[in-house]
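The form predicted on its own is given below as one chain in structure tokens.
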Amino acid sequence: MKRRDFLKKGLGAGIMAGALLKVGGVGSVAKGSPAASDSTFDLVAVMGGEPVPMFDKAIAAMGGLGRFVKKGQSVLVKPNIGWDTAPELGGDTNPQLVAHIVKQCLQLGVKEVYVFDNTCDNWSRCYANSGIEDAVKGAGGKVVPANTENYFKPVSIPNGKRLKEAKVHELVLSCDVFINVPILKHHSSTKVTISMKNLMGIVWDRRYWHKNDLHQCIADFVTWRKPDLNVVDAYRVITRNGPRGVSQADVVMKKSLLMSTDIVAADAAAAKIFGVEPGEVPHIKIAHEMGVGNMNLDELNIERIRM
């Protein structure tokens, strides 16, 4: 891996990367892990490779997976498994990427790695047809359901402006480490769906969010719980007619991956890959203004890797 100079020009469809400031204290950190500010980079952007090698390059630049997970811990890996579609349609996170993260965690001696999503289509068909269920089981992880309300526990969101409470999957409350693995794609309600919106898959009642200022609710929820690491799958990107994968004509091969402890920075960079400015996505702007993270990419220390 070559360390790049910090550039104003960015990745793919125009990530504006710079290193004027080092952003510290952004994002939550795994229990027993070093602070986020100990990392050399605020965000790593990789392009031109396959999902697994791109992850390996990115996590090495972030200081290694051992920075985030420790022996004996329990880990939650949360991909997007919302849709009953095949992997090539880009509706769900790449199954090979998810399985690789699971395997890498287990090789570090963690106790368990769990994977789930509160799906939009039938949960068993989503798990199977996305390829994620078999991939995760093959890697030694545990795929768990999220299809009934009894899996979810109430939590208070004291800093929320519209979202004051939610029912959250019990594994989010019990696991030591939370790794968020969304897929970048178009969404009819929010323009794009990336890391922050992927967290709607860990709550039970999403309808409330849609009826009560969706963008504000997305930002509100992240004030309660930020993932310890965000890994954005931007390999196959649905650029229209999302979020469900319908036709390969809607999918563009971006062959990119983003990684950051800062969920707002990850989404800002992914928005750039998609072709929109971060400020044009209301929940990214709101979360930035609420102090959840930093969407100003020119203030971040970004490592760019081309494979």
Partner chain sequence: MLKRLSLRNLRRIFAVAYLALFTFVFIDFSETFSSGFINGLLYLQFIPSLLKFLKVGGLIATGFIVVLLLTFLFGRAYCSFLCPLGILQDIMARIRAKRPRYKYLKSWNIVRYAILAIVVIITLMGSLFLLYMLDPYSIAGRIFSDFVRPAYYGVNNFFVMILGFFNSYALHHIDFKPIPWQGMAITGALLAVIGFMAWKWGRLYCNTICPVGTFLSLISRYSLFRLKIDENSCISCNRCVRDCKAGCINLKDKSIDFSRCVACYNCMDSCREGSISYQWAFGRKGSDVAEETDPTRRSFVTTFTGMLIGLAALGRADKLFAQRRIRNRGANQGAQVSAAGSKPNRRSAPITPPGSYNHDDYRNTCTACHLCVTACPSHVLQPSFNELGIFSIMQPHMDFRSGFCNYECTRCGEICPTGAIRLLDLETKKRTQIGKVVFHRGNCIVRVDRTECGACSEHCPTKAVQMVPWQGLLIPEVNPEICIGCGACEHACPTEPYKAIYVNGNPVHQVAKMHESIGDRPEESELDDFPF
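Remember, predicted model here, so these are calculated numbers, not experimental data. Positions refer to the first chain, counted from 1.
Beyond what is shown, the protein has a form predicted together with the partner chain; the following relates to that form.
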*in the predicted bound form, does each residue in the set 101, 128 and 287 place a non-hydrogen atom within 4.5 angstroms of the partner chain?*
no
*Would residue 248 sit within 4.5 Å of the partner chain in the predicted bound form, counting heavy atoms only?*
yes
*Please check if residue 297 has a heavy atom lying within 4.5 Å of any heavy atom of the partner chain in the predicted bound form.*
yes
_When the contact criterion is heavy atoms within 4.5 Å, does residue 57 count as touching the partner chain in the predicted bound form?_
no
*At the 4.5 Å heavy atom threshold, is residue 208 in contact with the partner chain in the predicted bound form?*
yes
*Which of 223-231, 188-196, 101-109, 68-76 has heavy atoms within 4.5 Å of the partner chain in the predicted bound form?*
188-196
*Selected contact from 177, 97, 168, 163, since only one has a non-hydrogen atom within 4.5 angstroms of the partner chain in the predicted bound form*: 163
*Can you tell me which bits of 105-129 touch the partner chain in the predicted bound form, meaning any heavy atom within 4.5 Å?*
114, 120, 121, 122, 123, 125
